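Below you'll find only one chain, the form predicted on its own, shown as structure tokens.
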């Protein structure tokens, strides 16, 4: 009997030690409190890791939040191929992940893989791109608001004339959210009043820089270069648009988003009006933190955003909210706020560590812009 009690006591100590060693808590949890992340393997499926933003901000922030909560990070890269991303989900399932943070190449084509993961008991976070799935958590910025800001900023400096619109990938719901936001930002009213004429509007597969350049060239050719402003839905495409404009000697109002270094330099040089910056450090932290909470068994409706997010990006409150998708489904979401970056507030992205002063001020006349 004594031997049996001694064996049971030894087993209890070993089990307690094993549970303790798995790791819990961390500064990334909401309000700085602990979250049970031990044994939590979180997989991220990137649609295309080559994009500047993912490796510079989103991934480091996601990884830091996961590890702060005691979890482990792993990832795959689909290299902009839907078929590969479906295979990548299988890879993550086989690795034994408990949560997948999914940056979808194409929300429709990824559906079978998402369903398979959920059937395996894996939870899904739709990261920055919507998945029409009521079981998934959706974490993004207010993309309609991004489009609204773009239209407002361009209309403020160019209230009349010929506008071109270079939209993102047709398979990405964000492209439509942005376009709808433009109309809400005054574009539709300006068109209806006759002040603005849209002389070209084109979706760009993969949000591709070269594709955007070719589309802009075609619009310029069709209109004898008579274009007065361009609403580009992101900075990568704005790079292609800018190249096409410079080739014909045009320097006109131009929008973008993401705060790419090249775009912020164009803002400083006066070659781009606005880059709507989405603080990807904050988005990544929110996603990694949510994954740890979900691993711990927290219901989607009870997941909280981190309390230490920058005020400019923070949601109205830290609770998740219902979001109605274009397909009429209701998903649980965190919607962070974007920040327009123009000449007068370029210091914000430098001070945050997003970009360096040298990147922003390259070839800029000293004294022409505050940080330069």
Partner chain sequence: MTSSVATSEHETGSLRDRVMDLVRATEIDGRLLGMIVTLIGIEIGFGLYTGGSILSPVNLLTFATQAVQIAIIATGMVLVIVSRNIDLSVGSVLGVVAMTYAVLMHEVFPTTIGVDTPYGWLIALGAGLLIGIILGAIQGFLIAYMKIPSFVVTLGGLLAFRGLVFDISGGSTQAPDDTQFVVLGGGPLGSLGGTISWAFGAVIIVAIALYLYYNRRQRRRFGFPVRPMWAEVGIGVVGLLIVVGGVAISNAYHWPAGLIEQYAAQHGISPEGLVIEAGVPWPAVILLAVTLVMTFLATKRKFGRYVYAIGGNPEAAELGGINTRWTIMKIYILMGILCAISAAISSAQINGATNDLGNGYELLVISAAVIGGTSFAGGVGTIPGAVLGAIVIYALRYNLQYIGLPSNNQDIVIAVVLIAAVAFDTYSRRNAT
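Residue numbers count along the first chain shown, from 1. What you are looking at is a predicted structure, and each value in this text was computed from that prediction instead of being measured.
The following text describes the form predicted in complex with its partner chain, which does not appear among the structures shown.
Asks: Within 4.5 Å of its partner chain in the predicted complex: all of 207, 214 and 218, by heavy atom?
Replies: Every residue of the candidate spot has a heavy atom within 4.5 Å of its partner chain in the predicted complex.
Asks: Go through 139-147, 240-248, 190-198, 110-118 and give me the stretch that gets within 4.5 Å of its partner chain in the predicted complex, heavy atoms only.
Replies: That would be stretch 240-248.
Asks: Residue-level question: is residue 80 within 4.5 Å of its partner chain in the predicted complex, judged on heavy atoms?
Replies: So residue 80 does not count as contacting its partner chain.
Asks: Residue 93: heavy atom within 4.5 Å of its partner chain in the predicted complex?
Replies: Heavy-atom contact with its partner chain at 4.5 Å: absent for residue 93.
Asks: Is there a heavy atom of residue 52 no more than 4.5 Å from a heavy atom of its partner chain in the predicted complex?
Replies: Contact with its partner chain, yes.
Asks: Any chance residue 262 has a heavy atom within 4.5 Å of its partner chain in the predicted complex?
Replies: Because a heavy atom of residue 262 falls inside 4.5 Å of its partner chain in the predicted complex, the answer is yes.
Asks: Using a 4.5 Å heavy atom cut-off, which residue among 273, 203, 86, 174 comes into contact with its partner chain in the predicted complex?
Replies: Only one option qualifies, and that one is 203.
Asks: Which listed residue (152, 225, 162, 298) meets the criterion of a heavy atom within 4.5 Å of its partner chain in the predicted complex?
Replies: By the 4.5 Å criterion, the partner-contacting residue is 225.
Asks: In the predicted complex, which residues of 162-177 put a heavy atom within 4.5 Å of its partner chain?
Replies: Sequence-ordered list has one entry, 170.
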